Structures are given as structure tokens and as C-alpha cells.
Ligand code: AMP
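Only one chain is included here, represented as C-alpha cells and corresponding to the form predicted alone.
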Amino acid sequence: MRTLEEARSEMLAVIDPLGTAALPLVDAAGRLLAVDAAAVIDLPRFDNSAMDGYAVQAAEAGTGAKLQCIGEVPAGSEFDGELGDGQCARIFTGSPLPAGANAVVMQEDTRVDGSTVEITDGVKPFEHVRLRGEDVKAGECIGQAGMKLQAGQLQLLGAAGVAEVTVFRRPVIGVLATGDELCEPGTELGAGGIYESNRLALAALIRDAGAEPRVFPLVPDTMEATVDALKGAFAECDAVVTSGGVSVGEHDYVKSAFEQLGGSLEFWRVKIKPGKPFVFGRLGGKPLFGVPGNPVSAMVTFLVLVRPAILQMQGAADLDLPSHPGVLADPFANRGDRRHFMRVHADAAGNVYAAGLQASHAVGPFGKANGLVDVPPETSLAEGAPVKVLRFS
């Protein structure tokens, strides 16, 4: 049985990023950079005003000085000429600083009478001036390979003149669920039937990880149906996530069906709770991730094992769940010999509450949870203990 670290390391060692593609920046939200991106221009591109007011020579703009306004500089234009002694120019936020000026007096620090501007509060050199390149220099790296392009990164790249970026290809991940007892939500349940929901949850997590989920029909508990389903999914997808059928029951066919197709099973048990019967294998270089059928086990194994692998397929620099410190509002106890990823709700103040029943079948608490706390084997944590919360929402 692998430890979590061994299982994760073994998977990541054989998973490489997919190919790359050039994309217009407007289409690149949520994608991962494959190549560093550099600024095309300086930011700011020119010395400009940080205020609405008057461009001046600071040495002539002491308190009480009176200057002659010789023009104005609207945003998007430039001043024709140069300020001389005793002169100023009306200027607006973002407008280029006229030649001869080295400061801006805010309009509220002036009194205006026709073309005469009296300074009521003097300025120092370069006060209220944004200098060329003080934010970003042309040629500076402003996007590193492996970075996820979110709003802030897109704004920076666009402002710096980057129109196109090279990103990793978004993987297509097939999602299968096996079991004769499973029914689609909205259909009539027979005796012993249950509604299948793992595919919905897994597809959402796959999408959150930046990949494209492809959800396939439910798979009956037969060898033939399982072989056919796996064969079809691998033909269409870059990797496949299965739910259920990976344990040692007489109707668990995923492992044997995968091997019948020529797949190689690397391991199938991990020393965590919930989620011990987790399968990893490869078929033609494409990964199989077999998560347990119990809903909580499926979610937890996806978050701690499958998610990092899918991110690596996209060349991500950061493979870990986001985390933050918290303080337990409830006592936690793990009396077993496997580390237990307990479902929690962390509030805005950092208080961490148990989300309810911690059994692997209990979806009610998972619906209220927004994170996990990794509790070591045979460990009790008292109320008030500091913990790290692994966030998934």
C-alpha cells in the first residue's frame, strides 16, 4: 500500500504536460502559460499625471505663485511645445507630462482667474507624476511558465501590449461511473437503486482544475460493458477517471477490464481515509485514475491525487490545493492507522468546524464543507488547536 506522498510522486513522475497552442489573450482566461511572457512596452509608456490639475515646473510653483496657463493636455493627446518660465498647462489624470514640466499641482490646490493660475499649496519635483517604466519595463518577464492566467495576470499582460500567449493544451478527461445500482437523477428508482452523483461532482472538480470533462453513460457491472466503456473513453480522452468498481468485490471489474485492454496497473491502494482503494494505471501513455464509488472517498481522492496530476498535464507550477491556517472550533480524533482527511467548514475568521458525519458515504456533510484537514493516524486534536485547511471551495 502506497503512502499518499509515494502515490502522488509515482504518478507525477510519469505524467508530462500535453502540447501547447498560441491563443489570443482574450481567449486565455484560466489557461496555464507554457512560455514566459514579456512586456512589449514600458508601463507607464510615458511620464504622465496622477491627478487632474496643472503641469508645472516645481521650482516656480511654490505656495502663492501665479502662473500663466498656455493650454491643456487631454488624455490620449500630447502637448505641442514646451513650458517656459512662469507657465503651466491644464492636465488630466493619465495625460502625458508636457516638456518642461516636472510636477503636477492638484486642481483643488489652485485658484483660477481666466488664464492665471494661483498655487495655494506648492509642490515638490515629480509630485503627482507617474514616471515612464516605474511599474514595468519593456522586455521584463511579466508571466512565468506554469502561471494560471486569471484576471490580474490578464490585465497586466494586456496593459503591457501582449496580444497572444502560448499556453498548454487543456486536457480532456473522461468520467465514468460503474454499478448496476446506479440510476440517473430524475428517473424512477428500482429496489436497491441509488441516484448517481459522482460524475457531476468529478466533472465540476475537473473543470475547476482547468481541464475539460467528458461525462459518459453509466456502466453496468459486467466485464464486457466495462471493457467497452473504458475503450471508448480512452479513444476520446487524454485521461479517464472512473468511479466505483476498483475494490475487490466480485462485481468490481475496472482493474481487470483495464488490463484486458492492455493497460498497466501501477498501484491500487493508498494509505489514506477515506479512499484506500484508489487505482492508477496507464494505457498507451494515458492515465487511468480509479476513485472509489463512495461519494466522499471519490471526492477526497480526486482532490489529493487526481487534481495534482491533471494540473501537471497542463504544466502548472503549483499543484497543491490552496490552504490557510485555522483554529479548530471542535475537537478532532483519528483513532485509525491511516491519515484521515476530515471534511470541515472554515469561516471567514478562520474558525474550523467539523462538517458533520465523517463516514465515506455521507454526502450531506460534504455539501456543507469547504475544506479538508489532514489528521495523522492515532491523533487527537483539541478544540483551539491550530490546523492547516486545504480549501476546495
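The model shown is predicted, which means the values in this text are computed figures rather than measured ones. Heads up: residue numbers just count along the shown sequence, starting at 1.
The discussion below concerns the form predicted together with the named molecule, not included here.
Participant: If the criterion is a non-hydrogen atom within 4.5 angstroms, does every one of Gly53, Asp109 and Glu127 touch the named molecule in the model of the complex?
Facilitator: Looking in the model of the complex, the three residues Gly53, Asp109 and Glu127 all stay beyond 4.5 Å of the named molecule (heavy atoms).
Participant: Tell me, which of Val123, Leu182, Leu283, Leu154 has a heavy atom within 4.5 angstroms of the named molecule in the model of the complex?
Facilitator: It is Leu182 that has a heavy atom within 4.5 Å of the partner.
Participant: Which of Ala163, Ala235, Ile194, Cys141 has a heavy atom within 4.5 Å of the named molecule in the model of the complex?
Facilitator: After the contact test, the surviving option is Ile194.
Participant: Under a 4.5 Å heavy atom criterion, is Ala177 part of the interface with the named molecule in the model of the complex?
Facilitator: Residue-level check for Ala177: yes, a contact with the named molecule.
Participant: Hey, in the model of the complex, is Asn198 touching the named molecule, heavy atoms inside 4.5 Å?
Facilitator: Because a heavy atom of Asn198 falls inside 4.5 Å of the named molecule in the model of the complex, the answer is yes.
Participant: Is there a non-hydrogen atom of Ser243 within 4.5 angstroms of a non-hydrogen atom of the named molecule in the model of the complex?
Facilitator: Looking in the model of the complex, residue contacts with the named molecule include Ser243, since a heavy atom lies within 4.5 Å.
Participant: Since only the chain is shown here, I'm wondering whether Pro292 would be in contact with the named molecule in the model of the complex (any heavy atom pair within 4.5 Å).
Facilitator: Yes, Pro292 is a contact residue.
Participant: Would you mind picking out the stretch of 265 to 273, 294 to 302, 127 to 135, 114 to 122 that comes within 4.5 angstroms of the named molecule in the model of the complex, counting non-hydrogen atoms?
Facilitator: Result of the contact check: 294 to 302.
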